[in-house]
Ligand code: AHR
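Coming up is one lone chain in structure tokens, specifically the form predicted on its own.
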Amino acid sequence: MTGKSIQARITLHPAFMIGAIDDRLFGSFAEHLGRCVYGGLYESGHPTADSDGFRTDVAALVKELGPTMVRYPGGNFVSGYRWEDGVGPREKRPARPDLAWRSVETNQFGTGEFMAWCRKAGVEPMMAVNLGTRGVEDAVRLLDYCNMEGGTELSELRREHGSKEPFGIKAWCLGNEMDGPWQIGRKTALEYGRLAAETAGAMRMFDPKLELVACGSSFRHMESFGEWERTVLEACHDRVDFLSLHSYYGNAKNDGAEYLSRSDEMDAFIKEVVAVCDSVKARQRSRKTVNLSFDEWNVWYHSHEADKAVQPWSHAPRLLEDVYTAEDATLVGGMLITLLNNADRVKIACLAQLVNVIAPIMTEPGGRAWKQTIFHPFALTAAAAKGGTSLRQSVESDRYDAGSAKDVPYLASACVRSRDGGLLVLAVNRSQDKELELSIQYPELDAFGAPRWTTLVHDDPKAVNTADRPNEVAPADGGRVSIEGDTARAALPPRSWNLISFARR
């Protein structure tokens, strides 16, 4: 491709597929951190609160956002959590210090409340067990309380607490970020690998069909990255189903072009972890494939200075309340593209978190709730791509250098055959000041009607949504997509996320 204009071309064929998209790729995360739970999901005195104390205004936004699974209760919080504190009559529940976030946890919201919230929200729970200060016995006790039908001490206790039917939780995280020096009960890779194997073995004695997630490195730049994954999997490979990945990105250097390349870094991270998983599988001559759970991902950097000013040992303080920009939403859209392009191995992913804490939804205590900018690419991608199949692309794109990022394609894209047989093209133009002339070649375009193009873009990359201006950054009609034969063409605005949908006639 030559010339002064920025150009990119996608070539597709319906027979060339990456893999089926697991609906759980569109998960989220609720930790006992800041105002995610208290003042977010749960606020008993709020004007919209239902009989369980859940904010129905937040519930309506969660439904529109469309998460399929929610991971709970942490996060760093889980490594010091006693689940027994959060069950039974609320007036008897103890308040305790949360060492992870230096807050006071009242335990007014616990396992039963979370499961009741999941049922109302129509989402699947993903439960984490404490392998920091606790271990195998506690994990099995929580499993007994949650999933045993009855006849045991803990299942009967659950029934006494008002939940006659078992919760039936299938997905379980074996701890959280156990390599992190910030983690309560941090382990070496050898220690954690053995503990994960023992915990998984005991939990499978209870139910062999559980889906279990072992902790990978806390992030890609950990000194032990790679070696941690190898050591842990050599201990527990055939007893677990997933290895976790966590990653957050920021634009502290205020270089938009470099920032929007970070979704490629996320892609490299995924491929590196897949390589380790498959090398252990080969070394052990195993028939089992360990897939990935990218159960924490997002933009996170705006609130760092504000977090330092929060007084410790308060209840539900304002922690990690990043206010997201139009630029952040573009990167989040790019990260969703990365997840779709790795749908053959990434089967679970959780946008961290759901409300107030680095979240797509924000609330005022006793007041309003609104959508942050990052709400939109997640909601639109989830609604369109659930149940679809990720397609393999041949992509040609003009490229650029920015900061530490070299030879970056201006175009980031994913293509999906939707559940109803349509075609979805998700695309980010990373250029800061030029339109990208995109052509899409697909042999079945004549089977589709006029495409619909939705774009998310703003003249000011730092524009934000607020309670007073909740639609400052919002999706808009992208305009006309021209079609000639088997090729569609559109000019993508600078710094934009785009969804072009082709529906069958």
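Since this is a predicted model, take the numbers as computed values, not measurements. The first residue of the sequence shown is number 1, and the count goes up from there.
This next part talks about the form predicted together with this ligand, which is not shown.
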property: All of 29, 177 and 300 within 4.5 Å of this ligand in the predicted bound form, heavy atom check; result: yes
property: Contacting member of 33, 440, 58, 436, with respect to this ligand in the predicted bound form [4.5 Å, heavy atom]; result: 33
property: 358, 350, 129, 415 - the one with a heavy atom within 4.5 Å of this ligand in the predicted bound form; result: 358
property: 4.5 angstroms heavy atom contact with this ligand in the predicted bound form for residue 75; result: yes
property: Residue 376, heavy atom within 4.5 angstroms of this ligand in the predicted bound form; result: no
property: Contact label in the predicted bound form: residue 391 to this ligand, heavy atom within 4.5 Å; result: no
property: In the predicted bound form, residue 101 touching this ligand (heavy atom, 4.5 Å); result: yes
property: Among 166-174, 135-143, 267-275, 242-250, the region lying within 4.5 Å of this ligand in the predicted bound form by heavy atom distance; result: 242-250
